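Okay, so here's just one chain, in structure tokens, the form predicted alone.
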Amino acid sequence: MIWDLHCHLNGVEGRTPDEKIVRMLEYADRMNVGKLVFYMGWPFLADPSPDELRSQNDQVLQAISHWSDRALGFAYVSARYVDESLAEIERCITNGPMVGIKLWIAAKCADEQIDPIIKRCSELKVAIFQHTWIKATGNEPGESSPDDLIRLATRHPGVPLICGHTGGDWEKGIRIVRPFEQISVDTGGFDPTSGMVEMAVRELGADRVIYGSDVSGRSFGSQLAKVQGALIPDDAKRKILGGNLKRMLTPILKAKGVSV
């Protein structure tokens, strides 16, 4: 069972959301990826306006509309526009099929302005995915690092959070989030490097590591190789490749009447 946490429509061949998701599922089938989680439409926008957030969420809603057995969606929201983001959460999650939120680089998650968004997601028991990175040249002004994420975790103890990309510089990212059991790490979005998954399992435990690919920016093959080629027990691989994400999403899926 492979569930991919981290998928994008941007960059996939096709003129429409429906064409793009069909092509993506063709690629997924080659690698036995059973379920895909999509967020953000196209083009990628570092600081989308409320109208652009809504438009991109509409693209994802359309893409997953005929593939409920294979595709799930996270709402793209921004702490720069709290009221509008809360409205998107109600539209796309409470009253729609989506099961989580995606936060990118418009505003750092360490800023308290994001708190109403996190509080509402906690009430709904939805997944919260925060892009994180540690850049040698310095992050973008609104780009969060794992240090920003642990500040958010400190304000919201017990709320499950996902550290996107494990911070990019994964050796630092793993150590930064290690004391915070509510934070899981996403394996996607950087080249497969020997030892990454092994270190994450050793330092965090297999229950806190979730496979994601970041397609189409990366390939399924290269990203699956991080887990399938890791020197860890088969049971840990099963958790990372699908079990942990399924467990995280089970409360919201059951609330929507989806059999898991």
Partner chain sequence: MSAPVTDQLSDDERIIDTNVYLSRWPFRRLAYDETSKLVERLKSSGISQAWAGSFDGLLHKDVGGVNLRLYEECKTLGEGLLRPVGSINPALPDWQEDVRRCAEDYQMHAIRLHPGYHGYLLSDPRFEQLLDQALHYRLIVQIAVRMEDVRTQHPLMRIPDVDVSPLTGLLVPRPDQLVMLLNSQQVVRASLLGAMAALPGVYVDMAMQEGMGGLSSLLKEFPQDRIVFGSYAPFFILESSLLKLQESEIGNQISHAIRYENANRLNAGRP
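Worth saying up front: this structure is predicted, and the values here are computed from it rather than measured. Residue numbers count along the first chain shown, from 1.
Form predicted in complex with its partner chain: not shown, discussed below.
J.: Give a yes or no on whether each residue among 66, 235 and 259 has a heavy atom within 4.5 Å of its partner chain in the predicted complex.
T.: Contact check failed for every one of 66, 235 and 259.
J.: Should residue 48 be classed as touching its partner chain in the predicted complex when contacts are defined as heavy atoms within 4.5 Å?
T.: Residue 48: no, not in contact with its partner chain in the predicted complex.
J.: Would you check, heavy atoms only and a 4.5 Å threshold, whether residue 170 touches its partner chain in the predicted complex?
T.: Heavy-atom contact with its partner chain at 4.5 Å: present for residue 170.
J.: When the contact criterion is heavy atoms within 4.5 Å, does residue 218 count as touching its partner chain in the predicted complex?
T.: The answer is yes: residue 218 has a heavy atom within 4.5 Å of its partner chain.
J.: Is residue 34 near its partner chain? Define near as a heavy atom within 4.5 Å, in the predicted complex.
T.: Outside the cut-off, so no.
J.: Determine which one of 175 to 183, 162 to 170, 69 to 77, 112 to 120 lies within 4.5 Å of its partner chain in the predicted complex, judging by heavy atom distances; exactly one does.
T.: Result of the contact check: 162 to 170.
J.: At 4.5 Å, heavy atom to heavy atom, what parts of 130 to 155 sit next to its partner chain in the predicted complex? List them in sequence order, or say none.
T.: 133, 134, 135, 136, 137 sit within 4.5 Å of the partner.
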